[in-house]
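Let's start with one chain on its own, the form predicted on its own, as structure tokens.
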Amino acid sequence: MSLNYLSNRLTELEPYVPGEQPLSSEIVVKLNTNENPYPPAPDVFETIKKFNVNSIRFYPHPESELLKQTLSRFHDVPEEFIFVGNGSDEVLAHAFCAFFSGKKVVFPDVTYSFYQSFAKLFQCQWDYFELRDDFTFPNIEEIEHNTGIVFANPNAPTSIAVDLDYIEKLANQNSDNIVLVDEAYIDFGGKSAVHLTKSLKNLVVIRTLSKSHSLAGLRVGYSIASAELTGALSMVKNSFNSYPVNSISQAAAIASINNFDYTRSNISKILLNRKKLIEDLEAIGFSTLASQTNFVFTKHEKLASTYLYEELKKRGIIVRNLNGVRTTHFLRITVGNAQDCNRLIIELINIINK
């Protein structure tokens, strides 16, 4: 097709590149997309098994009302603070459109690369603020004022979190602009800023059930913000992408949230696996940042990350190789179950001794 038929905006886009989802049976250990290594809560399976298949012929509730009620109780926030979408990435897209389109927005120079993709798609004026050499966040005074701010807490791919005082001060010093905090990994470390949305009218917190709840395949995400900001998100959604979360995903999400004790037990296992994985990596020459996520950000003292990535893949293990200017020496490795982590270490030892 001739490029004359395409929008001028298309030439400026750089689509987000997700981690591999291999179909090949040769991949036996998948540690590249931060999925949970443990199954969802048993109630999720029961809910799906008992789901009334005949109801699929009807459209799902357009605003995911029962799910919003469940999330409202779970987080102790008003129901009108909840917006539900098909995964947190869709919620992020609506947020960029609602709050930053045509305006200035900044985010860390090392972070989730989808932020840049959304900024370009929605024609934002955008820029980075630089993380320190150790990938921690800069002093608040060093972040540009009078602009929208987006960041993940804990940050990806660095796995480092900021405290709630930092978020509160950032929102207060930037009170005329939106501060958006992406909490995809908050259940694995750090403290959630959800309760701050009751007092900070410019704060938006985005969450997902993909990571800690083991529901990545069902695509359920949501945001928590003031009723006014949540209304703006609904307006955007219903103006160009009115498709709600499907009925089965809504029902399964409710079951998972209502069985958070099970999810919490899985989180505890992952934290124990993370601790051992970091110790084992350190023992074979890796330097790993202090993780507050379900992945580790690590580099070897002698071997290049690209080499390690390729050698692991030959052995049926995939991790994430990052090619950014400041991350080129690092691998991001999902914390798997104990068996997967042990297999990873064994193969890394084989590669190092090769």
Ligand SMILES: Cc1ncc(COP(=O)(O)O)c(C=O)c1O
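This is a predicted model, so every value here is computed, not measured. Numbering starts at 1 and follows the sequence shown.
FYI, the form predicted in complex with the named molecule isn't displayed, but the following is about it.
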Discussion item. So in the predicted complex, is the named molecule close enough to Asp89 to count as touching (4.5 Å, heavy atoms)?
Written reply: yes
Discussion item. How about Phe99 - does it come within 4.5 Å of the named molecule in the predicted complex, if we only consider non-hydrogen atoms?
Written reply: no
Discussion item. Ala152 versus the named molecule, in the predicted complex: is there a non-hydrogen atom within 4.5 Å?
Written reply: yes
Discussion item. Since only the chain is shown here, I'm wondering whether Phe122 would be in contact with the named molecule in the predicted complex (any heavy atom pair within 4.5 Å).
Written reply: no
Practice prompt. Have a look at 191 to 199, 178 to 186, 68 to 76, 254 to 262 and name the one stretch with heavy atoms inside 4.5 Å of the named molecule in the predicted complex.
Written response: 178 to 186
Discussion item. Please tell me which of Ser249, Thr208, Thr230, Thr158 lies within 4.5 Å of the named molecule in the predicted complex, judged by heavy atoms.
Written reply: Thr208
Discussion item. Between Phe135, Phe129, Trp126, Tyr112, only one gets a heavy atom within 4.5 angstroms of the named molecule in the predicted complex; which residue is that?
Written reply: Tyr112
